[in-house]
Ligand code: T1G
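Below sits a lone chain in structure tokens, taken as the form predicted on its own.
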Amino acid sequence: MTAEYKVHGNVAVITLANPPVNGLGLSTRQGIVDGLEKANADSAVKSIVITGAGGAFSGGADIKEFGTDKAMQEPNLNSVIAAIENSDKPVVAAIHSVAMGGGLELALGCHYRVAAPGCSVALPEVKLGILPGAGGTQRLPRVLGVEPALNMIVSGEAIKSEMLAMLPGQKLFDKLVASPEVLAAEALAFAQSVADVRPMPLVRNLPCKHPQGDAYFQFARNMVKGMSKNFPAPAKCVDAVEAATKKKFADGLATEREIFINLMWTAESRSLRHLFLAERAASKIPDVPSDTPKRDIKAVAVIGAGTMGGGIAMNFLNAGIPVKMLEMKQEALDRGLATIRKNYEAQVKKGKLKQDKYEQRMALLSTTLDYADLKDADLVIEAVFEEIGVKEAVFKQLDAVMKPGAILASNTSTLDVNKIAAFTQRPQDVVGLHFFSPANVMKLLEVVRGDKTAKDVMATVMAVAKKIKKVAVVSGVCDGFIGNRMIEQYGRQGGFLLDEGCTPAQVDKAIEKFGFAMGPFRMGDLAGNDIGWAIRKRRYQEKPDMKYSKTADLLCEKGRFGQKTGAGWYDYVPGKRDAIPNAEVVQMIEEHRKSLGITPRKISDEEIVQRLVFALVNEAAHILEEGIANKASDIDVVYIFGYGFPVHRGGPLNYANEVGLFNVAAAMKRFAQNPLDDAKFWQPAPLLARLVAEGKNFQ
């Protein structure tokens, strides 16, 4: 059982004990019901307290049961809440630390609620594409009022218990105690004080009305529609809360249940639930146990004070870790320092950062021009020019000065981490940490594991990633790792589409309508078209038989490198990010097409999307086959957090599963027939072909 039962005087205490967040799995639910039966059968027990062990009251559903029959097995959460409501003796919820989702719904089913300050309270189900399924949409409006409850349910955001206790007329908490330390004693005393109260109060019996009724809910729908396109759950939350105000409680509960079940079956909810689990699974490395010893990281050094180096430094400063930044020239250091200050000052101006916090962070930052000053750092990250000779010089210097046991990391986005490690006498201490630009904003961190990278180094950098609030995904060594290796194929398809008849705006518009943050040509302009050009020049030498469109090279020959030059595939006005189509670029594409003897054809948005997205899928299948990525869900995490893939589609491989791998492979075979495309590339990867033959999905 993952619920403990003890009697203190005349009060029975049922303690949820399912670490880490006391998830309401089947065993825990059974334990609560058994505890209630025991307490009600014991004449010496006059009242009951339900609380949680460790650092949570309850975080809600047990994620290990997501998508399994166990989640709905009796007693399900609705049955547990019914058992609490029907208890002959009063039940008091003693809430602390975390009360979220089903945990909050459980508390709302109790007769009374005593809370500690600092408790995070939320119904976050909307973030999984569903709504609360155990009465949350019906009970929360009754204790908080319709508007505050709907705001919480639609946003899914957590609010501290002391803030909720201040809401006028709230009936969520019967008592807010002075501190978490006194909660247990106060809850026992409260339970004793209500032992003889009859009838016992039930949240379901409280009134639920809104004075403006229809007008308010129409306003709420309009607001939600504007904020949550592609996601059906928020609008359905409005419907469920409206039902609470217009129907009898039991009928409102039935409406909530029906909506919940319908949402569970949507592709959006499946995708969000997939991502929820994928993000947590990404931090687990098959051959690195969770109890692997970790190295202490108390001081960090960053080589390079440019945009990337400065952004990397900010991550550690934000986490309270001192950073020493090195550059070759004082002017470069001054520039980097000024940029970091400017970034923090912008946050202070917007009210996102307090002045004293800004000063604390800047106080943790020091600079140097001398490698010898880095000798005491526990972790050093280089963010210098992406050229192997430059990396070699840096790593030889680091090898000479860094203390034994220090971790040496490269921020390379494509280069061979094994080669970089070989520049040192300590390859076991070398790892790739590929941050994404802007490094202080983007959540993804590709952790590149070299052939000789030690297991404790891997365990340490994964823990550091968590501390600096990054989503870390492990990649093996190959050109471009996971993300950039795949994006190269996506970009190649973009080029072929131009050759065949599209304009950059048409391609971007189609993929953005699909849900990408930006299309391939706007993305190229943002990153700098010269970067892609440099990679292609390298490719022409390394892989002379690989087919490329030459349109992007022609653009670069005109000096149109993107936003930084004010001109790329589009034109840009200083100070604005708006992409303005350029007639000369379109003419350049048309002339190049004519020179190749290609007659343009009309290409549908569907073909554009399929060619771009399925190019990602096929390359991802090769990456999995080669063991570069540990699992399919890791690749989805990379694309959601690093490349703007639409969240509601769950990543390229989850999307392929939704479309059906048979259909994906059939489309690839069609594209292979196109003489202007790359027939060799469109042969389904062996793993993909095998999954299709076996009727399986990416796992």
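What you see is a predicted model, and the numbers here were worked out from it, not measured in a lab. When you see a residue number, it is the position in the sequence shown, counting from 1.
Omitted here: the form predicted in complex with this ligand. The next part is about that form.
- Taking non-hydrogen atoms only, Leu277 approaches this ligand to within 4.5 angstroms in the model of the complex.
- In the model of the complex, no heavy atom of Ala685 sits within 4.5 Å of this ligand.
- Contact check for Pro148: every heavy atom lies farther than 4.5 Å from this ligand in the model of the complex.
- The closest heavy atom approach of Arg670 to this ligand in the model of the complex falls outside 4.5 Å.
- Residues within 4.5 angstroms of this ligand in the model of the complex, judged by any non-hydrogen atom, belong to 118-126 and to none of the other stretches in 118-126, 559-567, 183-191, 400-408.
- A heavy atom within 4.5 Å of this ligand in the model of the complex is found for exactly one of Phe260, Phe435, Tyr490, Phe395: Phe260.
- Distance criterion of 4.5 Å from any heavy atom to this ligand in the model of the complex singles out Val98 from the list Val98, Leu144, Leu624, Ile153.
- For a residue to qualify, one of its non-hydrogen atoms must sit within 4.5 Å of this ligand in the model of the complex; none of Ala299, Lys467 and Asp634 qualifies.
- Heavy atoms closer than or equal to 4.5 Å to this ligand in the model of the complex belong, across 118-133, to the residues Pro124, Glu125, Leu128, Ile130, Leu131, Pro132, Gly133, ordered by sequence position.
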